[in-house]
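One chain comes next, on its own, written out as structure tokens in the form predicted alone.
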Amino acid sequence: MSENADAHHPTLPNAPMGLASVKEPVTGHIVSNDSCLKGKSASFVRHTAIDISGTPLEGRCLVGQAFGVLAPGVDERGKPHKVRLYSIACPDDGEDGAGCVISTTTKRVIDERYPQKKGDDPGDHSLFLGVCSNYMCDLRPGDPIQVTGPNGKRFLLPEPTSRRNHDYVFVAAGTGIAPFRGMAMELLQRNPISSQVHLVMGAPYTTDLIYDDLFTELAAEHPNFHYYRAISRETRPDGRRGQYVHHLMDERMDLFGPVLANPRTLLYICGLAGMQSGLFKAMAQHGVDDGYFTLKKSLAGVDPADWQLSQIRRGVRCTPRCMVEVY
């Protein structure tokens, strides 16, 4: 890493945290709960907006943070359901511009059961429905909802006075797009800057793209916003197989290489852990990893092409210019 690397580290805001605890949640109310997919998809994803006016959270939630939701009822042990965290998908001043309405991106979890721990029945393939995700997707305008938070102090945009000092690369897959909706709106609409903003969105099928209409409109309206789609399970127009986000960036290093090599650039990654590892390998192979992460001894000297996911998890340490939220 270069000697003056610290000069390019972002100055993050002092984010408020824990204003509403699990023991003392606040009551919000659903404003809207609409599909945010384009076309007919096998998935069900909603943009959920919640009125938090009159609570300690009003005007205190920053894009990049998360808030918690407590689903009603009890689990199989008779205990209250654990809090689930959801990324904030609106700008710093909320959906309404006054900090009274926050939002998130809610995907229904619908799956078959499979063994996850010792003692689980391998023959049980019954339907599993995510408790909180389905509860949230079922809510209607006016319904109450128990909210906690906010949570998170690192996956944030720089403080407003220094945002123009950076360019931005956002990389997302699936509902990992949630914070980047709010960040794009913040940087392009609410408090616009002239910095370059690149958004790479990954989805299995074109119909699974989330907020695609919004990002397409923003790209048409703002010359400094660049939107790229990586579709993994559809054949591309030229006959080649589909691609994940790290494949797209690897193939287009003629474009992304100079952006990532610029010390002004901040990198944000949100989505599945495998996406992060593939991206880190591609960056190291093209020599544009400097300033974003450092390697521990376990990876030093190992060809990036041979890096394994487990090695990357243990052997890569992100710098302040690289913000990661993966699951």
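As the structure is a prediction and not an experimental result, all values here were calculated from the model. Numbers follow the displayed sequence, beginning with 1.
From this point on, the text means the form predicted in complex with a small molecule, which you will not see here.
Each of Leu85, Thr104 and Ala178 comes within 4.5 Å of the small molecule in the predicted complex, counting any heavy atom. Note on the interface: of 141-149, 182-190, 217-225, 123-131, the segment with non-hydrogen atoms within 4.5 angstroms of the small molecule in the predicted complex is 123-131. With the partner removed from view, the residue among Asp213, Glu112, Asp75, Asp254 that has a non-hydrogen atom within 4.5 Å of the small molecule in the predicted complex turns out to be Glu112.
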